[in-house]
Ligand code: DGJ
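What follows is a single chain, given as C-alpha cells, in the form predicted on its own.
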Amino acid sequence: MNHTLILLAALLLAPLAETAAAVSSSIHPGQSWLDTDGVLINAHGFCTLRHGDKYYWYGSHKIAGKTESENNEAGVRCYVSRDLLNWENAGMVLSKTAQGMSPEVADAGILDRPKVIYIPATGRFVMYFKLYGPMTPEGKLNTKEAYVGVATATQPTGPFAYQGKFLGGGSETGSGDFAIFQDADGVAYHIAVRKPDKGRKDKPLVCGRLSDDGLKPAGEYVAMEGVENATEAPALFRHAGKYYLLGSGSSGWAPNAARMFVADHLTGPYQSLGNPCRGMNPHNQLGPEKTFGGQSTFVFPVPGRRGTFIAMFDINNPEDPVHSGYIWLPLEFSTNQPAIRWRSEWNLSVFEEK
C-alpha cells in the first residue's frame, strides 16, 4: 500500500477510533460521567425511563457559574442510551427560554427534580418538576408557594409542552421533594413532603393519586403512616409484592444517612429498615452515615432482570452545581433485606453473580 492510501485509511478510521475510545463498559460511581461527546452530563435531580429499546435520563440543566442560591436552572435536559452506560445528549426537552414558554416556567426560580412517566391510555409522556416562583426583589429564592409543574410530549425526547401547575401534598403552600410512582396497574401517584401550614410544624410524607391523564391530583392526600417525619428525596419501587421507599433526612444540601422503609400497601403502614448503605466512597471518604456523599433521587428497576434495581443518587455541590456528581449502585436483596453496597466500578453483570 502506498503512502497516499495509508494516509487515506488513517483519516477514515480516525473517527471510528475516537468513537470506540469513548465507549464505556462500566459505571464508576462518584466520578465524572461524560456523554458520548465527551462532555460532562448535566442532568440533576434526575430520573430514568425505559421506552422501547432505549433508556432516557431526564434531569435539571444547571447553569455554569451560578450557585444553588441563584436562579441556576435552564430547564430539563435529556440523554439517551441503549445500555445504561453510554449516554447521548438529546438536548433540552423543556427550556425556560423556548419561544412561547409560559412565564410561570420562564421566570421560575426553581425548576428541579424532574420525573417522567409514560401513560399508554393517552400516548403521552408526562413530566413533573418542582416549580417555585420568580426570585424575590432581594435576589433570593421564592419558596413561599411550592408548586409541581406539569408538561407533556408525544415523544420521549420532547419537546415537552407546559400544561400548568398544582399545589400538591394537601397543603396551602404546596410540597417539597417528591416522587412520581406508577403502580403495576398504571395508576400514578404523587408522593411528596408536605410543607407546613396552618400552624403545623411537621413535614410528613404524603401520597395522592393523580388523574388518569396524569395532569393533576385526583383526590385527597394521605400521610404515609410509619415513614419518619421530614423524610426527603423519596424514591419508591415494588419488590416481591411489597412497596419500598428510599429517602434521606433533612439537612439542606449537606448529605445525611439514607432511610429505607417497607409496606404491604402504598400508603402504609411502613416499617423502618434502617440505613441500607454499606461501605465507603473512596473519592470523598464518606460512608453510610453520609450516604457516600449523595442524596437519593430515583430507584430504577432493570428491565428483563426480575428483582434487580439500581439505586441512584445526586452528589450535591451547591456552590458549583454544574459539577455536582452522580452515584449509581446496585440495590441488592438478601431475604428481602435491601442493601446498597459501594462499588467503585460495576456493570449489569453484577446481577448475574449469584
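All values derive from a computational prediction rather than experimental measurement. Start at 1 with the first residue shown and count on from there.
Although not depicted, the form predicted in complex with the ligand is the subject of the following passage.
*Asks:* Would you kindly say which of R113, R124, K165, R194 lies with a heavy atom within 4.5 Å of the ligand in the model of the complex?
*Replies:* Residue within 4.5 Å of the partner: R113.
*Asks:* Out of the stretches listed (246-254, 90-98, 182-190, 114-122), which one is close to the ligand in the model of the complex, meaning heavy atoms within 4.5 Å?
*Replies:* Among the candidates, contact is made by 246-254.
*Asks:* Applying a 4.5 Å heavy atom distance criterion, does K130 contact the ligand in the model of the complex?
*Replies:* Output for K130 is yes: heavy atoms within 4.5 Å of the ligand.
*Asks:* Is there a heavy atom of Q295 no more than 4.5 Å from a heavy atom of the ligand in the model of the complex?
*Replies:* Contact with the ligand, yes.
*Asks:* Do any residues of 161-197 have a non-hydrogen atom within 4.5 angstroms of the ligand in the model of the complex? If so, which ones, in sequence order?
*Replies:* Heavy-atom contacts within 4.5 Å come from D177 alone.
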